[in-house]
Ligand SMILES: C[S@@+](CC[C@H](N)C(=O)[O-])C[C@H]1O[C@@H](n2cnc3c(N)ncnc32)[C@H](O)[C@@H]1O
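First, one chain by itself in structure tokens, the form predicted alone.
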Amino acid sequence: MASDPDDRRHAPATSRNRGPILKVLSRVLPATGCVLEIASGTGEHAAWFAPRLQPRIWQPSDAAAEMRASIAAHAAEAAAPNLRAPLALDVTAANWPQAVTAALDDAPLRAIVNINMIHISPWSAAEGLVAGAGQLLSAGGVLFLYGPFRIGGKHTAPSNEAFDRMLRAQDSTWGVRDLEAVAALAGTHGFALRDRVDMPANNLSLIFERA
């Protein structure tokens, strides 16, 4: 995987949340097959998770070319045999599931992981993500979402409320999502909320399973 180390980007939160997230993923992901990570960002999670989740195949992706360059650079440093080159994927594009199917024709897709995306993107991104996951995953497939959520229309901490205000000030289509709205959206595409795990820094891990 050719890359330039200078392309590596870093997200400070990654080193803080990767351990707790890995603990949940190790428990809830199917034991084999391919895991597609949507919006892999810097690629630091992919490079750290992949060698620790073998024999599962880890397939990172991102819509932004500069992030895919960062993913490739981190992956080259990790040198994990089960970590694939990043895919160019935009979940708001209607044909993104077909691009995944073409790329993974030799590996059964068992799970989709999305970390810290749906609150810093329009609701249409959540809709596209879940709709595509419904097309790609068969019965027993796992959709894992991580980030801050409101419960019963209320923030779970003052820091999340302040974060929500900051996000909406940057873009009115962004914001901390209601867990119930996300679960309802997932339900329309064949997913049931199997588990909810409280995480550090007032985040949640949501584990959906395809019926």
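In case it trips you up, residue 1 is the first one in the sequence shown, and so on. Just so it is clear, the model here is predicted, and its values are computed rather than measured.
The same protein has a further form, the form predicted together with this ligand, not shown here; the description that follows concerns it.
Colleague: Would you kindly say which of Ile112, Leu83, Val100, Val91 lies with a heavy atom within 4.5 Å of this ligand in the model of the complex?
Modeller: When this ligand is considered in the model of the complex, the option within 4.5 Å is Val91.
Colleague: Answer with one of Leu53, Leu185, Leu179, Met67: the residue that has a non-hydrogen atom within 4.5 Å of this ligand in the model of the complex.
Modeller: Going through each option in turn, the one that passes is Met67.
Colleague: So, Ala63 and this ligand: in the model of the complex, are they within 4.5 Å at any heavy atom pair?
Modeller: Heavy-atom contact with this ligand at 4.5 Å: present for Ala63.
Colleague: Is Ala39 near this ligand? Define near as a heavy atom within 4.5 Å, in the model of the complex.
Modeller: Close contact exists here: in the model of the complex, Ala39 approaches this ligand to within 4.5 Å, heavy atoms only.
Colleague: Whether Ala125 contacts this ligand in the model of the complex should be assessed with a 4.5 Å heavy atom distance threshold; does it?
Modeller: Yes, Ala125 is a contact residue.
Colleague: Check whether Asn203 has any heavy atom within 4.5 Å of a heavy atom of this ligand in the model of the complex, and answer yes or no.
Modeller: Taking the distances in the model of the complex, the answer for Asn203 is no, it never comes within 4.5 Å of this ligand.
Colleague: Looking at heavy atoms inside 4.5 Å, which stretch does this ligand contact in the model of the complex, given the options 137 to 145, 104 to 112, 72 to 80, 117 to 125?
Modeller: Among the candidates, contact is made by 117 to 125.
Colleague: Note that this ligand is not shown here; using its position in the model of the complex, name the residues of 173 to 199 with a heavy atom within 4.5 Å of it, in sequence order.
Modeller: Residues within 4.5 Å: none in this stretch.
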